[in-house]
Every structure is written in C-alpha cells, then in structure tokens.
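Presented below, as structure tokens, is a lone chain in the form predicted alone.
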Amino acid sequence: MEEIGVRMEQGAIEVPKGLDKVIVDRTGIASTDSDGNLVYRGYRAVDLAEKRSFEQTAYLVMYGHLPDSSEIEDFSRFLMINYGIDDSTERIMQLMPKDTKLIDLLRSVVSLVPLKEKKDDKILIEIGAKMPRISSDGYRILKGMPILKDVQGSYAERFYYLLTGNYDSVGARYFEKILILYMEHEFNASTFTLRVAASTLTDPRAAVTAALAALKGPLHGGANAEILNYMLKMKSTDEAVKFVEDKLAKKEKIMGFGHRIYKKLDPRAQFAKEQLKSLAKLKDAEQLYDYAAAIEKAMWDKKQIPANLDFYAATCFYLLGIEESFYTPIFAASRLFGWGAHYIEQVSDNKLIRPDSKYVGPVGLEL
C-alpha cells in the first residue's frame, strides 16, 4: 500500500515555505535591478515618481511603454469619464454595518459595482478609475458624513480632494509621488493571489477582489500606520530610540521595517524619506521627521533591518491630512494598475497555478 505521508508527484520539487527565493514565472512588468532599485518596465520607480505623473506611470505599467501625447490624453479622459459610481452602489454602501472596515467595503463594492467595459484591460482601468470615489464615499457613508462632490483635475488631485476635502495641487503632488511608488512590486502577496485567480481564467473583477482580500492582512498592506500612532505621542528623539529598544526587548515586531526583497536599503523608502523631510518643513512639523529618522537609525544600528516604504509613506499621509482608515485603500487604488498588468500578462500566456503539497498527517487509520 502506498505511503500517503511521503507521496509526492513524480519529479516534484520541495521548495522553501512561503516560496522564499523561488522563481515561479517570468514577468516583463517590474523587478529590482542590480543596484536594488525597483523598476517598472525598465524605468526606476523613484525616477518615475519624480518626473512623471500617475497617469503616465499607470499607462506604462499597463501597456509597456510611456504614452505619447495622444495616448495620455485618451487614458486620462477615460479615467475621468469612469470616475463615478451609480446610485445603486451608493445604496448598497448605505446598508453596510457602520463598523465595517473600509478595506472590507472596498472589496465588497469592487465585486459588484456596475461596469460598462467588456475588454479585460478596459475593465481593469475602469475599476481603477472608481477606486478613489468608492474609498471616499464608503468612508463618509460609514461615518455619517455627506459625500463630496467631484472636482476637475488629475487623478492624484481628485483623489487627494476626495480623501481630505481640500483641493491643493502642492499636497496632491506629494501624494502622487507616493501613489506611483505603491503602483507595482513584482509577485507580492496580493499580486500573486491575483495571478492564481487569473490562472483559472476568472474575470478581471473577481481576480481584483481576490487581491483585495490578500491586501487586508497586516503582513502585506494592512498595518502601514501602526508605528505612526506611537510617533505622534513622542516628545524627543531619545524617546524614539527608547521605543525601539522597548519593542525589541519584548521581541515585538516593529511594523514599517523589513522587506522580503530589500535587506539593506529600500530605495522607495529613502525617496519617501526625502519627501517627508520637505513636507515636514512645509507643515512646520520637522520634529516628526526627526523622530522617524531616529527610529530608522535605531532599527538599523540594533537589528540591521531597513525601513520600508510604508514607514515613511504613513507619516507623509498624516501630514497631508489623510485619515488612517484610507491608508490601505490608497495602496489598493494605486496597486490596481499593477494588478491589471499582471492579470493581462497571466492570461496571455496562461497555465493553471496549482502547486503540489507534501502530506504530513496521519496514515493507516481504520474505522
């Protein structure tokens, strides 16, 4: 009789738990270069954040090249035309329990909001266009606040307005840079979840819904503001260092630090750090930057663990007047365009993602 406990598919390869350092497929969308920089379609993400708009970067990620003037005009117009949601969707949000988490609302609404488009790429971009409105309206409905009317402007300007109620092109530009850095990052947990779903040839909406479910977890997109709540109570850089020492002494994880890819330095985080420094000076909140920098240095000195993008992004969002509830939905709205690119890439050269497993349970039991 075959031993169930040791049976594995002939030729199967046992790999590290969590697929650490395992290449499962090829992609032409994003990677890290030899210097550790995140690149989108060959361009450094930090350069795109500094020199290009959100729309230009989203087009690049989705279609593989930077758009010309005609292409970006059409793409931007499409986003504006499809920005809104219908009354039936608003009524559904009204019926949701008031203690619903915003990311749960976002996932539910994305799964059912009426869409006009039929082609996969257009469906995905239409969902992306609606993410800011769903996030804003959902939050305000749950809080019993009036819904904001729309305004004219770029994707980042309109999104920033819907998050804060302020139309501020300067603040929106800081916001836009962080959005660009969140847009794509290889086979991260939510993207891989989307690709697994896409490999079954499910529709784009269902695949995005699966990705949103993965994004909720605190080890991926669900805890990028935790450390900020501590920083806001600090009075000195010494207190910031003590915070790190106390957490490490208790063997507690400090969110905002560490990354599967970046072991020594996260270039996105360093770019966001410079944005925070500039923003903190603008907002007369330079002590907050000092506390953040002190925490980063203490973590490196004591554990050699670098800050990741979330650490500085959350502090930037706070200074931009963005509520903590929005932080994960912001990640989702930006990453939607990366997910879209991965959905298209997966189905264009598809093979069902179905790994084997090694059974280690009991064997030989009889009734």
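Predicted model only: the values in this text are computed from it and were never measured. Residues carry their position along the shown sequence, with the first being 1.
This next part talks about the form predicted in complex with a small molecule, which is not shown.
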property	result
The small molecule in the predicted complex: contacting segment from 56-64, 303-311, 336-344, 33-41, heavy atom within 4.5 Å	303-311
Residue among Ala214, Leu248, Leu288, Val241 with a heavy atom within 4.5 Å of the small molecule in the predicted complex	Leu248
Candidate from Asp203, Glu71, Glu252, Asp86 lying within 4.5 Å of the small molecule in the predicted complex - any heavy atom	Glu252
All of Pro218, Gly256 and Lys263 within 4.5 Å of the small molecule in the predicted complex, heavy atom check	yes
Partner contact for Ile29 in the predicted complex: the small molecule, 4.5 angstroms, heavy atom	no
Exercise: Ala49 in contact with the small molecule in the predicted complex, heavy atom 4.5 Å	no
Close approach of Ile330 to the small molecule in the predicted complex, 4.5 Å, heavy atom	no
4.5 Å heavy atom contact, Ala45 and the small molecule in the predicted complex	no
